[in-house]
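What follows is one chain in structure tokens, specifically the form predicted on its own.
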């Protein structure tokens, strides 16, 4: 290995370690914010949890408000990831495939919210109380969720497996309202079986409504 290659390898290892520590700081901050609350958490709590000094923290993040943005970014990214690849809006072309897709999405979201109830608690309750800018950001997230859900509905209408007269935007808001209620319910009752039944009930409401079928 040449001297240049060795230097490049050392640089790569050093950069990887920096990224790993940055990731660990974000994870530790999430734990502290979720367990103690944003306002009750100090930089010392985050640093102590990792066994690092304040100076190390400040080499990666400006302050507590800076890192909470990254924590929220991470939570949102986890949710959006559940809506990619085979779960992307244009990944299906029939009603049966759409039912299967929404089941996968429901399971993925239930896993995110159910495995760690602190995720919905921080994202849905704690974050909005940080300051006005974060409250606005939470509302922006809900608008993004509406746009994402509307994309699924619009695709279905375009291909003909969903009703042509569907009010796409308001239907998307209604569906997201049920998903939001499910996430909140998981805080009081995180039992996986109950969450699965709730997810199934949401999907039945989406597909069939609540009117009795006439023979």
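Just so we're on the same page, rigid core means the largest C-alpha set that superposes within 1.5 Å between forms. Note that the structure is predicted; figures quoted are calculated from it, not measured. Positions refer to the first chain, counted from 1.
The same protein also has a form predicted in complex with the DNA, omitted here; what follows describes it.
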message = By the heavy atom within 4.5 Å rule, which residue out of 168, 175, 162, 52 makes contact with the DNA in the model of the complex?
response = 52
Interface membership of residue 64, the DNA in the model of the complex, 4.5 Å heavy atom rule = yes
query = Even though the DNA is not shown here, does residue 18 get within 4.5 Å of it in the model of the complex, heavy atoms only?
reply = yes
ask   = in the model of the complex, does residue 41 have a heavy atom within 4.5 Å of the DNA?
value = yes
inquiry  = Under a 4.5 Å heavy atom criterion, is residue 56 part of the interface with the DNA in the model of the complex?
reply    = yes
ask   = Is residue 56 among the residues whose Cα moves by 2 Å or more between the shown form and the other one after superposition of the rigid core?
value = yes
inquiry  = Could you check, with the core superposed, whether the Cα atom of residue 196 shifts 2 Å or more between the shown form and the other one?
reply    = no
